[in-house]
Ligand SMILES: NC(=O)c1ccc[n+]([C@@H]2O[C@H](COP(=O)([O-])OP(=O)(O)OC[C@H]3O[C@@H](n4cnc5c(N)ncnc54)[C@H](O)[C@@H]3O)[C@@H](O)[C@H]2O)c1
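Only one chain is given next, in structure tokens, and it is the form predicted alone.
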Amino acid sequence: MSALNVGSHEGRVALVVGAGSQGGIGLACADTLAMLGARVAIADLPNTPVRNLVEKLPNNGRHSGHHVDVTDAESVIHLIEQVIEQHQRIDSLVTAAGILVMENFLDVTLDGWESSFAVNARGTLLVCQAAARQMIRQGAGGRIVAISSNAGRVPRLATVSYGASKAAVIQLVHCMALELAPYGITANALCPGSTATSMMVDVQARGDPERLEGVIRGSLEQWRTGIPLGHLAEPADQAAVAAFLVSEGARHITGQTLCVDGGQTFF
């Protein structure tokens, strides 16, 4: 029996959606996969600098940058067509597009609720569905990782819309895994905990170092478990796990929800 080459993505094409933010999890995933040898297509909204960011990926010259609105089915289909035209195939997908709307339950607005579900839940559905259909056409299986959040598993104050939409992503992944298994396509949910991204630092913590320290320590008043490892995750921590889940080393892992959160959640 031969050993699996779990570290290499040579000869594989990876699509990473939601990779248009410097310092974000999506771009970290693209960077890691490119470093491991994959040809990477990154995609994000038209107002994001994907063309510039793709040029900074390791092994430059073999990757591509694209624009997409994940809430629009035609835009997603056009993205898949562009990637196939440039790279001929899609072997793995990491979908990381997401927004965080901070609202308490009694103050939740329909706009906040619907925009959260439009991007986080519907966007994940449309991207995964389109990529999976392409993988089925290719007939060689595939790997899908949807970025959810540990807020989709445990409650957080002022994250009603976000947490509910991320919980929807987890259940979506479970159903995908079951239905795509006959095609040799795996699907898993990666649930980051508090990670040093602009969403965490600038939006959730509002740029306040004391708030960030409170996240690490935890707070009984806020009903929030701290981080036992004592520090925030880095985007690279999430990217390393995503890269494994779309590798051949994870070929027998599907339908799983994996938290990378320094021990914030233990179940």
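Heads up: residue numbers just count along the shown sequence, starting at 1. Source: prediction; values computed, not measured.
Note that the form predicted together with the named molecule isn't included here; everything after this is about it.
Although the partner is absent here, I144 is not a contact residue: none of its heavy atoms lies within 4.5 angstroms of the named molecule in the predicted bound form. At the 4.5 Å threshold, heavy atoms of V241 stay clear of the named molecule in the predicted bound form, well away from it. At the 4.5 Å threshold, heavy atoms of S64 stay clear of the named molecule in the predicted bound form, well away from it. Although the partner is absent here, I77 sits far enough away that none of its heavy atoms falls within 4.5 Å of the named molecule in the predicted bound form. Note on contacts: among S116, S92, N188, T197, the single residue with a heavy atom within 4.5 Å of the named molecule in the predicted bound form is T197. Shown alone, this chain has one stretch from 131 to 139, 144 to 152, 175 to 183, 102 to 110 that lies within 4.5 Å of the named molecule in the predicted bound form by heavy atoms: 144 to 152. Interface residues of 31 to 59, taken as those with a heavy atom within 4.5 Å of the named molecule in the predicted bound form (partner not displayed): D44, L45, T48, in sequence order.
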